[in-house]
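Consider the single chain below, provided in structure tokens and representing the form predicted on its own.
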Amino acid sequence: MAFIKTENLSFAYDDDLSHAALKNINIEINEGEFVAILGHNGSGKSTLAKHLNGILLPTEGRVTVDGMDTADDEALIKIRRTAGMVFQNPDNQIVASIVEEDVAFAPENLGIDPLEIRKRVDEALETVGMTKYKNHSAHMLSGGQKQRVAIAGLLAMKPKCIILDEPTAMLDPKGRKEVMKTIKKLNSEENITIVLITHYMDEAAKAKRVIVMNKGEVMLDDTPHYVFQNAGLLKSIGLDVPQSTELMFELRKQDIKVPLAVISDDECVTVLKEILEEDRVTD
């Protein structure tokens, strides 16, 4: 059984499906997956994200998380503990003045034993690399550090899934790198299911699966290599591609035979070396 499943999900903010933000979405996300969801502004990607832990409820259709229906009021608290969410602005997620107090806030409100909370806080801060800041003022941290504290706060609730709605949109390059490193670690080492909403193609390229939204519908759903080789299609709906893919795209325009399914710097370097070697042989 899929960990997260949407069945014929449609949603309209005014309940009028002639103005639907989501149209008949059918996706399944398995436990332990790292899925990136892409789309231009207004594509429905953030609206979809908010359905995956019950912040929004379907106008039509159904969403289940670990077998629980998001429309079931009695299951909603458990759903949000199972699939936590991190938003764009880290300042809006800090609720306590000291880092470790902020991470402890949610477990305390759940009535968890204080000794267990202490253990969870220490483990969560260690996981996101923020242990040495545990006694620091949360509001004095950098944007990337605040987002890692927000993620630690979710980890202290022991979620199976973390949904991140453009978590690096307000961060500088260093902060983006810190957060992405944390996300990858949580997925690869902790087996936490990751759903990443992003408009950065290089971030999406690090996922194991990419879903592309357009006008409230799923346009593509496959591996990053397959999705990004459709560079022309992505550009037609206002999306970019990873820089390495963009270079391949431009080389193809110059009739240079290179693969489009190149998404990382390492893959790009390999292809360019092969081109140089062929030129040497030809000369």
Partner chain sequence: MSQIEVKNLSYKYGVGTPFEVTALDNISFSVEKGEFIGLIGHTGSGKSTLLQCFNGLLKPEGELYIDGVNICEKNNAKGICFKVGLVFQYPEHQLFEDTVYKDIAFGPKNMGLSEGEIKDRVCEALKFSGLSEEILEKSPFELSGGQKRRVAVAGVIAMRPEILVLDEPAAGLDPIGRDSILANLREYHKKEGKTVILSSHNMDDIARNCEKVLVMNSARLEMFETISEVFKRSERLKEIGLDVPMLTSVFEELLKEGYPVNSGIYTVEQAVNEIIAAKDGGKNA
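Computed from a predicted model, the values in this text were never measured in an experiment. Residue numbers count along the first chain shown, from 1.
Same protein, other form: the form predicted in complex with the partner chain, not shown, and the subject of what follows.
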| item | value |
| --- | --- |
| Stretch in contact, per heavy atom within 4.5 angstroms of the partner chain in the predicted bound form, of 26 to 34, 65 to 73, 222 to 230, 39 to 47 | 39 to 47 |
| Contact of S264 with the partner chain in the predicted bound form (heavy atom, 4.5 Å) | yes |
| Partner proximity in the predicted bound form: A21 to the partner chain, non-hydrogen atom cutoff 4.5 Å | no |
| Heavy atom of E217 within 4.5 Å of the partner chain in the predicted bound form | no |
| Close approach of C268 to the partner chain in the predicted bound form, 4.5 Å, heavy atom | yes |
| Residues from 245 to 273 in contact with the partner chain (non-hydrogen atom within 4.5 Å) in the predicted bound form | E246, L247, E250, L251, Q254, I256, I263, S264, D265, C268, V269, L272, K273 |
